[in-house]
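First, one chain by itself: the form predicted on its own, in structure tokens.
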């Protein structure tokens, strides 16, 4: 009886998970010109994926936003992880005073809701000409990505024996040499895990993308997708769903490519 109940429960879970995915696939490949907007399709009546893809990429501006998000997600996440690793090395390895206070000072950046930064950032950016620039948006992404990356990297740094540092110091190695030759290679999995986390966050950001930018040359892809989905009257639903499918591909690729390093890095940081 217990086995039957378990199988029925698992079957219900599979159906609940498959149903929206099936609807997404069927309505994404439906031809936009013949699509009935009043009800979703449960079965495909044609193949219009390539046409929907072309319209979402060019007419709706997904292409420019996609390129901007690739720049923000790759560069800003990499810079944030590198800075977080150096900060973690300083807090854990270097002989600084009150390392716990420094840890909480940096990590506290993850404890506050992001909405509280919007008004001060908007006013400051408007006065300093950083508003609606790639540099301004990139600085925000780097700054907000550092605290959590610091948390992941710092936790793994605490597992590295202090004897390694002491032995390197006895051999006359400088702090930069100890960081670059010993700790940086040992931190590779934690850095990759932190990069995967921050890439996903920057890629999926909508809040700062629509607040601190407005031109197509600067706005990230989620802001372009939001403007596309907010225009149901002129853009067919298959084109909107195709745009959503396009913007999901990089995060899926990052997860599949980094899953082994992600699991090992998170496991070592807990």
Partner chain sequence: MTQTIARPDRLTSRPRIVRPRSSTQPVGRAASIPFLAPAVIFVGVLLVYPFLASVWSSLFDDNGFTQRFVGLDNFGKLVADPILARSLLNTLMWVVGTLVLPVVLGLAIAVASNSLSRRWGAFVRGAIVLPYAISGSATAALWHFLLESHGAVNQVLNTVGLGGLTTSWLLNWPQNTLSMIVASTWQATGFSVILFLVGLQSIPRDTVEAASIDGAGGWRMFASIIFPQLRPVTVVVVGMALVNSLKSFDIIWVLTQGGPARTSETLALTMYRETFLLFHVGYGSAVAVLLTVIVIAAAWLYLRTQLPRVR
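Numbering follows the first chain given and starts at 1. Small disclaimer: the values here were computed from a predicted structure and weren't measured.
Same protein, other form: the form predicted in complex with its partner chain, not shown, and the subject of what follows.
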(message) Taking its partner chain as it sits in the predicted complex, is residue 20 near enough to touch it, meaning that at least one heavy atom pair lies within 4.5 angstroms?
(response) yes
(message) Using a 4.5 angstroms cut-off on non-hydrogen atoms, would residue 35 count as touching its partner chain in the predicted complex?
(response) yes
(message) With a cut-off of 4.5 Å between heavy atoms, is residue 78 one of the residues that contacts its partner chain in the predicted complex?
(response) no
(request) Classify residue 86 as contacting or not contacting its partner chain in the predicted complex by the rule of any non-hydrogen atom within 4.5 angstroms, answering yes or no. (result) yes
(request) Could you check which residue among 70, 64, 207, 49 gets a heavy atom within 4.5 Å of its partner chain in the predicted complex? (result) 207
(message) With the partner left out here, which residues of 97 to 131 have a non-hydrogen atom within 4.5 Å of its partner chain in the predicted complex?
(response) 97, 99, 102, 103, 104, 105, 106, 107, 108, 109, 110, 111, 112, 113, 114, 115, 116, 117, 118, 119, 120, 121, 122, 124, 125
